[in-house]
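Encoded as structure tokens, the following chain is the form predicted alone, with no partner shown.
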């Protein structure tokens, strides 16, 4: 993390400073295919234009993950990845870009919420995504994150009713992770997200990022056009990491394509110079 910014401030600066139509946040599974390669994948993402990183901690029962990311988590665990090992990957990447850890509550409970949050903060993490902690049970974790300067990132879905959206939005830290389609993560085409994004934006003052089902530069561009402040891409990149002989190079290539898809259009200039 640069300077003395808190994680929350680091995330805000990344969204505000993104030189694209929306901030680009690739997801990578920590420890997949191994810890060192996952660090190199993270570096490649940043080199290729990522504004933030979402770093998954592998878990044996990942309810929000689709088959590609589940398989990566299983492989990472089989290869010996541990939470401490992924926190070391976080520590290596965090000086270059905000890292938001994606994990599940059992991993936090296993070592104690305050201890986990403290260790994440020491590793330079900017925030946490814990999809199996509902709003009603999030106070202890949010308080611990607030005390450590970490953003506890909330998730909302197309099925989230307006009154609940308002409560989530009021307590949101860092950004709101908006799930574009119901179900688990994966590569599939979602519909027009503009209405959903507009609903979420009305509920909160923090940026709104769209994830789940975004895999191509065209998907990313459409998400930005629909109003997303950030675009999260996971399964497509994890699949590339699984299939490529050189995962870091291939994931970096894909992230560069996604960044190009989000490139801001050239500023309008009046090319008709006055004559005579």
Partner chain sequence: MTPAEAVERRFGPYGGQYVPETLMPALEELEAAWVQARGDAAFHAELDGLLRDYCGRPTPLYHAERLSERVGRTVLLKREDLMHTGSHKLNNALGQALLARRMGKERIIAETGAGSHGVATATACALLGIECVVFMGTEDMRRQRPNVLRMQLLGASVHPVEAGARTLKEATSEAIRDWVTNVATTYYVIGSVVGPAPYPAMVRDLQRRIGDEARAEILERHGRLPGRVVACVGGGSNALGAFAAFLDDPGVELIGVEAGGDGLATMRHGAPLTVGGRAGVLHGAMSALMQTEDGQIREAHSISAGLDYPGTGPQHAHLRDTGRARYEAVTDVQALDAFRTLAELEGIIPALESSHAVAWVLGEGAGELDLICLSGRGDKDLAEALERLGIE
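Positions refer to the first chain, counted from 1. All figures in this text were calculated on a predicted structure; none of them were measured in a lab.
Another form, the form predicted together with the partner chain, is not on view; read the next lines as being about it.
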4.5 angstroms heavy atom contact with the partner chain in the predicted complex for residue 160: yes
Non-hydrogen atom contact residue 194 with the partner chain in the predicted complex at 4.5 angstroms: no
Residue 83 within 4.5 Å of the partner chain in the predicted complex, heavy atoms: yes
Close approach of residue 224 to the partner chain in the predicted complex, 4.5 Å, heavy atom: no
Every residue of 77, 107 and 164 near the partner chain in the predicted complex, heavy atom within 4.5 Å: yes
The partner chain: the contacting residue among 247, 62, 42, 56 in the predicted complex [heavy atom, 4.5 Å]: 62
Residue among 97, 144, 155, 123 with a heavy atom within 4.5 Å of the partner chain in the predicted complex: 155
Stretch in contact in the predicted complex with the partner chain, which is absent here, among 232-240, 47-55, 33-41, 65-73 (heavy atoms within 4.5 Å): 65-73
Residues from 216-235 in contact with the partner chain (non-hydrogen atom within 4.5 Å) in the predicted complex: none
